[in-house]
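Presented below, as structure tokens, is a lone chain in the form predicted alone.
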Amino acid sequence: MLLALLISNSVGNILVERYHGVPAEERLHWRSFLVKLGADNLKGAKNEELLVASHKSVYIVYTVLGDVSVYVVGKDEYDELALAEVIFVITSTIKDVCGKLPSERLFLDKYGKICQCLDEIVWTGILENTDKDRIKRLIRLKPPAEF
């Protein structure tokens, strides 16, 4: 199961977070752990260079994409290789939505569409769609939500 998907800005503020099967009392721990992990290891990392970690029998794959950092946490069948595929789909979709590597402002300008894409990629902790064309078609079918 995919336990968490977090996207933060370059100083560690959370822009998007999704948890599946993680108790509410553990979410703060995961949030602070992932942001610290990124602060320690993503300095000087190249765009879309994947880093891997393990913590409490779960796998973490994370990367930097423009001005944002993307973290994916999984367990059981979602090992490092599966998470690498998940993060590849997420980063390529964010680049498609933004039209280039996202700055924090561009990411926030496209926030609604990015969230719709994330919902199509990961649903209730399961990887649903990996085809970018299918994701684009699916989000066109949904009315824009008020945020």
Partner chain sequence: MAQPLVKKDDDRDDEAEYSPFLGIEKGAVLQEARVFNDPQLDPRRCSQVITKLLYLLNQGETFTKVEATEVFFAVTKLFQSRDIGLRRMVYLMIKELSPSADEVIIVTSSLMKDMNSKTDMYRANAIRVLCRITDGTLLTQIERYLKQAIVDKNPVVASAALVSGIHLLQTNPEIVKRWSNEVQEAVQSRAALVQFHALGLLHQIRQNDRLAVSKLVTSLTRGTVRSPLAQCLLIRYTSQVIRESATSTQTGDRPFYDFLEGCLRHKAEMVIFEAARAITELNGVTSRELTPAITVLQLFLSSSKPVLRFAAVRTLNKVAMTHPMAVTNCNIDMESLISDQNRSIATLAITTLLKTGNESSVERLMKQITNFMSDIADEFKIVVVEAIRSLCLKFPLKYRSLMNFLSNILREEGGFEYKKAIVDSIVILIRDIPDAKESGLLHLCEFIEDCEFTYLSTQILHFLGIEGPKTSDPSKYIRYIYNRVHLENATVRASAVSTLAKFGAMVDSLKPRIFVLLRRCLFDSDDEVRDRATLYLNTLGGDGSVVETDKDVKDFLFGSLDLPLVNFETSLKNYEPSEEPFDINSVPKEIKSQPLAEKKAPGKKPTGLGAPPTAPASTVDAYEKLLSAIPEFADFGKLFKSSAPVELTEAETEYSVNVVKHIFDGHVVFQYNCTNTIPEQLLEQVTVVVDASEAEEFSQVVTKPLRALPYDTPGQIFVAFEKPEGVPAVGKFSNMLRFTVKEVDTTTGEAEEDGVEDEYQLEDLEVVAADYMLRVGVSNFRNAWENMGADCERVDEYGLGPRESLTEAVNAVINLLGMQPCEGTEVVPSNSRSHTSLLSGVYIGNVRVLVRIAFGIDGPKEVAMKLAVRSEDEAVSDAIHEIVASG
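It should be emphasised that the depicted structure is a prediction, and the values quoted were computed from it without experimental measurement. Numbering follows the first chain given and starts at 1.
Although it is not shown, the form predicted together with its partner chain is what the next lines describe.
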- Proximity of D133 to its partner chain in the predicted bound form, heavy atoms at 4.5 Å: no
- Query: Would S92 sit within 4.5 Å of its partner chain in the predicted bound form, counting heavy atoms only?
  - Reply: no
- Using a 4.5 Å heavy atom cut-off, state whether E80 contacts its partner chain in the predicted bound form. yes
- Task: Look up in the predicted bound form whether E26 has a non-hydrogen atom within 4.5 angstroms of its partner chain, and give yes or no.
- Result: no
- Give, in sequence order, every residue of 83-104 that has a heavy atom within 4.5 Å of its partner chain in the predicted bound form, or say none if there are no such residues. A84, E85, K100, S103, E104
